[in-house]
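Before any questions on how it binds or moves, here is one chain, the form predicted on its own, in C-alpha coordinates.
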Amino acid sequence: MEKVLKKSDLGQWVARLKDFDLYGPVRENNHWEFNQISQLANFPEDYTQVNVPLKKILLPNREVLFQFEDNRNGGPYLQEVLPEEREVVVFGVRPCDARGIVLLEKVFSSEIPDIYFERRRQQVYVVGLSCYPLPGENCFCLSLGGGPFSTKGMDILLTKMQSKYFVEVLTPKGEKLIKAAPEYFFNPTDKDQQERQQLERKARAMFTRQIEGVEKIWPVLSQMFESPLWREESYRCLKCGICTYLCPTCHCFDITDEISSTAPLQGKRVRVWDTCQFPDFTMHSSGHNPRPDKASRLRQRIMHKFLYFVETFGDIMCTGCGRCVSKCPVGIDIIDILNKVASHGA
(Lines give C-alpha, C1' and ligand atoms only; values in the text may rest on other atoms or scores of the structure.)
Protein backbone atom coordinates (compact mmCIF):
# COMPACT_ATOMS: atom_id res chain seq x y z
CA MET A 1 0.00 0.00 0.00
CA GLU A 2 1.28 3.44 -0.92
CA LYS A 3 0.28 6.77 0.59
CA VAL A 4 1.56 10.31 0.91
CA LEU A 5 1.90 12.34 4.12
CA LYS A 6 2.38 16.10 4.27
CA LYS A 7 5.59 17.02 6.05
CA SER A 8 3.59 19.39 8.22
CA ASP A 9 1.46 16.44 9.41
CA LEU A 10 4.34 14.20 10.54
CA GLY A 11 4.20 15.53 14.10
CA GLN A 12 0.44 15.05 14.35
CA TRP A 13 0.73 11.44 13.21
CA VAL A 14 3.53 10.70 15.68
CA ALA A 15 1.50 12.32 18.47
CA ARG A 16 -1.29 9.79 17.85
CA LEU A 17 1.06 6.91 18.65
CA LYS A 18 0.86 7.52 22.40
CA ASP A 19 0.42 3.82 23.17
CA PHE A 20 3.96 3.13 21.90
CA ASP A 21 7.45 3.94 23.10
CA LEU A 22 8.92 6.17 20.41
CA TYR A 23 12.56 6.27 19.28
CA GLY A 24 14.16 8.49 16.68
CA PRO A 25 17.51 9.97 15.66
CA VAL A 26 18.78 12.43 18.27
CA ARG A 27 22.03 14.38 17.92
CA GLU A 28 24.58 13.71 20.64
CA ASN A 29 27.69 15.87 20.32
CA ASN A 30 28.85 15.23 16.73
CA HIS A 31 26.82 12.11 15.90
CA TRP A 32 23.30 10.68 15.88
CA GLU A 33 21.81 7.99 18.12
CA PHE A 34 18.43 6.25 18.37
CA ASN A 35 17.08 7.61 21.66
CA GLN A 36 13.61 7.69 23.16
CA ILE A 37 11.60 10.72 22.04
CA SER A 38 8.25 12.23 22.93
CA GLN A 39 7.61 13.96 19.61
CA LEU A 40 8.94 14.15 16.06
CA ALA A 41 8.04 17.15 13.92
CA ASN A 42 10.64 16.57 11.20
CA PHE A 43 13.80 14.72 10.23
CA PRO A 44 16.84 17.05 10.36
CA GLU A 45 18.32 17.80 6.95
CA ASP A 46 21.83 16.77 8.03
CA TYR A 47 20.81 13.36 9.42
CA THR A 48 22.69 10.56 7.64
CA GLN A 49 22.84 7.51 9.91
CA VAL A 50 22.97 6.81 13.62
CA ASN A 51 26.23 5.84 15.30
CA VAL A 52 24.98 2.59 16.87
CA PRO A 53 22.54 0.75 14.59
CA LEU A 54 19.04 -0.54 15.27
CA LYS A 55 20.41 -3.78 16.73
CA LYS A 56 20.95 -2.03 20.09
CA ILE A 57 17.16 -2.00 20.61
CA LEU A 58 16.61 -5.66 19.74
CA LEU A 59 19.90 -6.98 21.10
CA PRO A 60 20.97 -4.58 23.90
CA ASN A 61 24.68 -4.29 24.62
CA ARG A 62 23.92 -5.43 28.17
CA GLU A 63 20.86 -7.34 29.33
CA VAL A 64 20.04 -9.33 32.45
CA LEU A 65 18.83 -12.85 31.64
CA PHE A 66 17.95 -13.89 35.18
CA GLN A 67 18.54 -13.08 38.84
CA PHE A 68 19.52 -15.65 41.46
CA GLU A 69 19.80 -15.89 45.22
CA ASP A 70 20.47 -18.54 47.83
CA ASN A 71 19.04 -17.48 51.17
CA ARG A 72 20.11 -20.72 52.91
CA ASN A 73 16.78 -20.96 54.67
CA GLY A 74 14.20 -20.86 51.89
CA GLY A 75 16.46 -22.60 49.38
CA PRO A 76 17.68 -21.33 45.98
CA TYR A 77 15.77 -18.60 44.19
CA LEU A 78 15.87 -18.04 40.45
CA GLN A 79 13.88 -15.50 38.45
CA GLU A 80 14.03 -15.07 34.69
CA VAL A 81 14.06 -11.46 33.50
CA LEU A 82 12.19 -11.15 30.19
CA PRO A 83 11.97 -7.96 28.12
CA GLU A 84 9.16 -5.64 29.09
CA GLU A 85 5.98 -6.07 27.06
CA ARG A 86 5.93 -2.65 25.45
CA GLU A 87 5.56 -1.89 21.75
CA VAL A 88 8.25 0.34 20.28
CA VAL A 89 8.27 2.43 17.10
CA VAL A 90 11.67 3.43 15.72
CA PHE A 91 11.63 6.30 13.21
CA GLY A 92 14.30 7.18 10.68
CA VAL A 93 15.82 3.72 10.25
CA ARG A 94 18.07 3.62 7.20
CA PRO A 95 17.72 0.63 4.80
CA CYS A 96 21.12 -0.84 5.77
CA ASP A 97 20.13 -1.02 9.44
CA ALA A 98 16.70 -2.51 8.73
CA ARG A 99 18.31 -5.12 6.50
CA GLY A 100 20.70 -5.91 9.33
CA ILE A 101 17.77 -7.02 11.45
CA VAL A 102 16.70 -9.46 8.71
CA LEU A 103 20.16 -11.04 8.90
CA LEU A 104 20.10 -11.16 12.70
CA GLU A 105 16.79 -13.01 12.50
CA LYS A 106 18.60 -15.85 10.71
CA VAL A 107 20.72 -16.30 13.84
CA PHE A 108 18.29 -15.56 16.67
CA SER A 109 14.96 -16.66 15.15
CA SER A 110 15.97 -19.88 13.45
CA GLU A 111 15.61 -23.47 14.70
CA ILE A 112 15.95 -22.59 18.39
CA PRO A 113 14.68 -19.00 18.76
CA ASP A 114 16.29 -16.69 21.29
CA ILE A 115 13.30 -15.68 23.41
CA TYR A 116 14.79 -12.31 24.38
CA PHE A 117 15.47 -11.26 20.79
CA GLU A 118 12.17 -12.73 19.61
CA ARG A 119 10.06 -10.82 22.11
CA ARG A 120 11.70 -7.52 21.22
CA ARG A 121 11.46 -8.21 17.50
CA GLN A 122 7.72 -8.84 17.79
CA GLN A 123 7.28 -5.56 19.64
CA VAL A 124 9.41 -3.31 17.43
CA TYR A 125 7.89 -1.37 14.52
CA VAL A 126 10.41 -0.10 11.97
CA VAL A 127 9.63 3.18 10.19
CA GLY A 128 12.44 3.67 7.70
CA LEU A 129 13.76 6.70 5.89
CA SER A 130 15.22 6.28 2.40
CA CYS A 131 18.74 7.56 1.77
CA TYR A 132 18.17 10.64 -0.31
CA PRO A 133 19.94 12.99 -0.59
CA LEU A 134 22.56 11.93 1.97
CA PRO A 135 24.11 8.48 1.55
CA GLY A 136 27.26 8.15 3.65
CA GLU A 137 30.62 8.65 1.98
CA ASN A 138 31.59 5.01 2.64
CA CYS A 139 28.23 3.36 1.96
CA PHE A 140 28.48 0.38 -0.39
CA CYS A 141 25.09 -1.32 0.02
CA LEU A 142 24.58 -1.46 -3.75
CA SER A 143 27.40 -4.00 -3.97
CA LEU A 144 25.61 -6.32 -1.56
CA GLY A 145 22.08 -6.39 -2.96
CA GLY A 146 20.81 -3.50 -0.89
CA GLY A 147 20.04 0.03 -1.88
CA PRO A 148 19.06 3.50 -0.64
CA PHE A 149 15.36 2.64 -1.02
CA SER A 150 15.50 -1.01 0.11
CA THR A 151 12.45 -2.12 2.10
CA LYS A 152 13.84 -5.30 3.71
CA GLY A 153 13.11 -5.33 7.42
CA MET A 154 10.83 -2.29 7.18
CA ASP A 155 7.22 -1.91 8.26
CA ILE A 156 6.99 1.51 6.60
CA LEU A 157 9.44 3.34 4.36
CA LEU A 158 9.26 7.13 4.14
CA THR A 159 10.83 9.06 1.26
CA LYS A 160 11.31 12.80 1.53
CA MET A 161 9.87 14.81 -1.32
CA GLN A 162 9.44 18.59 -1.58
CA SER A 163 6.47 19.11 0.72
CA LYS A 164 5.49 15.56 1.63
CA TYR A 165 6.65 12.05 2.34
CA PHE A 166 6.01 9.16 0.00
CA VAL A 167 4.83 6.38 2.34
CA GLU A 168 5.27 2.71 1.50
CA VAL A 169 3.24 0.57 3.92
CA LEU A 170 4.83 -2.86 3.84
CA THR A 171 3.44 -5.04 6.66
CA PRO A 172 0.40 -5.40 8.92
CA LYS A 173 2.44 -3.60 11.58
CA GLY A 174 2.81 -0.69 9.20
CA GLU A 175 -0.92 -0.68 8.50
CA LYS A 176 -1.57 -0.52 12.24
CA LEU A 177 0.55 2.63 12.53
CA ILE A 178 -1.25 4.29 9.63
CA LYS A 179 -4.65 3.46 11.09
CA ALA A 180 -3.78 5.47 14.19
CA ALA A 181 -4.29 8.66 12.15
CA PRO A 182 -5.78 7.76 8.74
CA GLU A 183 -6.94 11.31 8.00
CA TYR A 184 -3.34 12.43 7.42
CA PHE A 185 -2.63 9.89 4.67
CA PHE A 186 -3.72 10.23 1.04
CA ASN A 187 -3.36 8.18 -2.10
CA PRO A 188 -0.37 9.25 -4.23
CA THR A 189 -0.84 10.83 -7.63
CA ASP A 190 0.97 9.68 -10.76
CA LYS A 191 3.28 12.67 -10.29
CA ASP A 192 4.12 11.47 -6.76
CA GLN A 193 4.93 8.00 -8.10
CA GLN A 194 7.20 9.42 -10.79
CA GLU A 195 9.00 11.71 -8.34
CA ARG A 196 9.67 8.83 -5.97
CA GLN A 197 11.18 6.73 -8.81
CA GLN A 198 13.28 9.66 -9.96
CA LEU A 199 14.66 10.20 -6.45
CA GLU A 200 15.69 6.57 -6.22
CA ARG A 201 17.57 6.80 -9.51
CA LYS A 202 19.35 9.93 -8.28
CA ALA A 203 20.23 8.31 -4.96
CA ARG A 204 21.71 5.22 -6.58
CA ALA A 205 23.85 7.43 -8.83
CA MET A 206 25.36 9.21 -5.81
CA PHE A 207 27.20 6.14 -4.47
CA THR A 208 30.93 6.30 -5.10
CA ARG A 209 32.24 3.17 -3.37
CA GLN A 210 31.70 -0.42 -4.42
CA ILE A 211 33.13 -3.93 -4.40
CA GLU A 212 34.34 -4.96 -7.82
CA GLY A 213 33.13 -8.49 -8.42
CA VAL A 214 31.40 -9.36 -5.14
CA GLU A 215 30.33 -12.72 -6.58
CA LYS A 216 34.02 -13.77 -6.65
CA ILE A 217 34.58 -13.24 -2.94
CA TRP A 218 33.21 -16.35 -1.23
CA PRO A 219 34.70 -18.87 -3.71
CA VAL A 220 38.11 -17.18 -3.33
CA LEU A 221 38.04 -16.79 0.47
CA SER A 222 38.00 -20.55 1.02
CA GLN A 223 41.43 -20.67 -0.66
CA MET A 224 42.91 -17.71 1.28
CA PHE A 225 43.16 -19.01 4.85
CA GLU A 226 46.95 -18.70 4.87
CA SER A 227 47.12 -15.58 2.70
CA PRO A 228 49.63 -12.86 3.71
CA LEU A 229 46.84 -10.36 3.06
CA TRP A 230 45.51 -10.75 6.62
CA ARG A 231 48.81 -9.79 8.22
CA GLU A 232 49.33 -6.89 5.84
CA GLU A 233 45.88 -5.45 6.51
CA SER A 234 45.90 -5.99 10.28
CA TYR A 235 49.15 -4.20 11.19
CA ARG A 236 47.33 -1.00 12.13
CA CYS A 237 44.55 -2.65 14.16
CA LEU A 238 44.18 -1.35 17.73
CA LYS A 239 41.85 -4.18 18.83
CA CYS A 240 39.27 -1.59 19.88
CA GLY A 241 36.23 -3.48 18.52
CA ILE A 242 34.57 -0.43 16.93
CA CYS A 243 34.14 -2.30 13.64
CA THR A 244 31.98 -4.98 15.26
CA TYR A 245 30.20 -2.99 17.98
CA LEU A 246 28.89 -0.50 15.40
CA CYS A 247 28.05 -3.18 12.82
CA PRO A 248 24.33 -3.82 12.10
CA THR A 249 24.92 -7.59 11.87
CA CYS A 250 27.76 -8.53 14.26
CA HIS A 251 26.12 -10.38 17.13
CA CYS A 252 28.73 -12.18 19.23
CA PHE A 253 28.13 -12.01 22.97
CA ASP A 254 29.53 -13.17 26.28
CA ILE A 255 27.55 -14.34 29.32
CA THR A 256 28.81 -13.60 32.81
CA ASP A 257 27.55 -13.99 36.37
CA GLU A 258 27.75 -10.80 38.41
CA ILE A 259 27.78 -11.43 42.15
CA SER A 260 26.66 -8.73 44.55
CA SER A 261 29.51 -7.24 46.58
CA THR A 262 27.23 -6.67 49.58
CA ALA A 263 25.25 -9.93 49.40
CA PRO A 264 27.56 -12.72 48.12
CA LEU A 265 24.69 -15.16 47.61
CA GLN A 266 22.86 -12.83 45.23
CA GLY A 267 23.64 -12.08 41.61
CA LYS A 268 22.62 -11.74 37.99
CA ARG A 269 23.42 -13.58 34.80
CA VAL A 270 24.15 -10.96 32.14
CA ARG A 271 24.59 -11.09 28.38
CA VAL A 272 26.95 -8.47 26.93
CA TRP A 273 28.28 -7.72 23.47
CA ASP A 274 31.63 -9.27 22.60
CA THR A 275 33.88 -9.08 19.56
CA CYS A 276 36.10 -11.48 17.67
CA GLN A 277 38.69 -8.70 17.48
CA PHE A 278 39.54 -8.93 21.20
CA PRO A 279 42.63 -11.06 21.96
CA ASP A 280 40.85 -13.17 24.57
CA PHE A 281 37.71 -13.85 22.49
CA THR A 282 38.79 -17.44 21.71
CA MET A 283 41.09 -17.95 24.69
CA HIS A 284 40.72 -21.50 26.04
CA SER A 285 40.85 -22.32 29.75
CA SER A 286 44.05 -24.25 28.98
CA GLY A 287 45.70 -21.02 27.86
CA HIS A 288 45.71 -21.96 24.19
CA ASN A 289 44.34 -19.36 21.77
CA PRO A 290 43.59 -20.53 18.20
CA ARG A 291 43.53 -16.89 17.04
CA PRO A 292 46.56 -15.48 18.81
CA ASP A 293 47.29 -12.48 16.60
CA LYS A 294 45.57 -9.60 14.84
CA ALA A 295 45.92 -11.25 11.43
CA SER A 296 43.92 -14.34 12.43
CA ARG A 297 41.24 -12.18 14.06
CA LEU A 298 40.83 -9.94 11.01
CA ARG A 299 40.64 -13.07 8.85
CA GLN A 300 37.88 -14.43 11.09
CA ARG A 301 35.85 -11.22 10.80
CA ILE A 302 36.00 -11.21 6.99
CA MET A 303 35.47 -14.95 6.58
CA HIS A 304 32.55 -15.04 9.00
CA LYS A 305 30.73 -12.35 7.07
CA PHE A 306 31.58 -13.35 3.53
CA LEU A 307 32.15 -17.12 3.67
CA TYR A 308 30.91 -18.94 6.79
CA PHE A 309 27.58 -17.06 7.03
CA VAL A 310 27.02 -17.57 3.31
CA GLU A 311 27.62 -21.31 3.67
CA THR A 312 25.28 -21.54 6.68
CA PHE A 313 22.46 -19.11 5.84
CA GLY A 314 22.89 -18.28 2.15
CA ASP A 315 23.46 -14.57 2.73
CA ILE A 316 26.42 -12.24 3.17
CA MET A 317 26.50 -10.96 6.75
CA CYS A 318 27.15 -7.36 5.75
CA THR A 319 24.75 -4.62 4.65
CA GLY A 320 27.33 -2.16 3.30
CA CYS A 321 26.59 0.59 5.83
CA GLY A 322 30.25 1.69 5.84
CA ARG A 323 30.47 2.35 9.57
CA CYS A 324 33.47 0.08 10.07
CA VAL A 325 35.33 2.14 7.47
CA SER A 326 34.24 5.60 8.63
CA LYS A 327 34.66 4.91 12.35
CA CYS A 328 37.90 2.91 12.33
CA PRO A 329 40.49 5.12 14.09
CA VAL A 330 43.35 3.75 11.95
CA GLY A 331 41.62 3.57 8.58
CA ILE A 332 41.23 -0.17 8.04
CA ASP A 333 38.95 -0.35 4.99
CA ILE A 334 36.81 -3.45 4.45
CA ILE A 335 35.94 -2.31 0.92
CA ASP A 336 39.60 -2.21 -0.08
CA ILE A 337 40.20 -5.59 1.57
CA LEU A 338 37.29 -7.18 -0.28
CA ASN A 339 38.42 -5.72 -3.60
CA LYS A 340 41.83 -7.28 -3.00
CA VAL A 341 40.16 -10.60 -2.23
CA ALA A 342 38.07 -10.35 -5.40
CA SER A 343 41.18 -9.60 -7.44
CA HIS A 344 42.61 -12.98 -6.41
CA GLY A 345 39.77 -14.59 -8.36
CA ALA A 346 40.18 -12.48 -11.49
Partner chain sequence: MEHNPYLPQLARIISIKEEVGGARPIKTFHLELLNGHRFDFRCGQCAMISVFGKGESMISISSSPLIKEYLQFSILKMGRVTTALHEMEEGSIVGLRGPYGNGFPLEEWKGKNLIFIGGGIGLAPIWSVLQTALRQRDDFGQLTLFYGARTSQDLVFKDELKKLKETIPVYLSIDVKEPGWNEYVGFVPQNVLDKKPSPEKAIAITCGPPIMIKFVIKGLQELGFQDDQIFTTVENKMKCGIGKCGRCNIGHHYVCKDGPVYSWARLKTLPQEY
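Residue numbers count along the first chain shown, from 1. Please read these numbers as outputs of a predicted model, since none were measured by experiment.
Separately, the form predicted in complex with the partner chain exists; it is not shown, and the next lines address it.
**Student:** Check, residue by residue, if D114, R119 and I259 all come within 4.5 Å of the partner chain in the predicted bound form, counting heavy atoms only.
**Tutor:** The answer is yes; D114, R119 and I259 each reach the partner chain.
**Student:** Identify, from the list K176, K160, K216, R271, the residue with a heavy atom within 4.5 Å of the partner chain in the predicted bound form.
**Tutor:** Partner contact (heavy atom, 4.5 Å) among the options: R271.
**Student:** Does any part of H304 reach within 4.5 Å of the partner chain in the predicted bound form? Heavy atoms only, please.
**Tutor:** Heavy-atom contact with the partner chain at 4.5 Å: present for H304.
**Student:** Considering only heavy atoms, tell me if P290 and the partner chain come within 4.5 Å of each other in the predicted bound form.
**Tutor:** It does: once the partner chain is placed as it appears in the predicted bound form, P290 has a heavy atom within 4.5 Å of it.
**Student:** Please tell me whether any heavy atom belonging to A205 falls inside 4.5 Å of a heavy atom of the partner chain, as the geometry stands in the predicted bound form.
**Tutor:** The answer is no: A205 has no heavy atom within 4.5 Å of the partner chain.
**Student:** Evaluate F108 for contact with the partner chain in the predicted bound form, applying a 4.5 angstroms cut-off between non-hydrogen atoms, and reply yes or no.
**Tutor:** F108 belongs to the contact set for the partner chain.
**Student:** Mind listing which residues of 243-262 have a heavy atom within 4.5 Å of the partner chain in the predicted bound form?
**Tutor:** Residues within 4.5 Å: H251, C252, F253, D254, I255, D257, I259.
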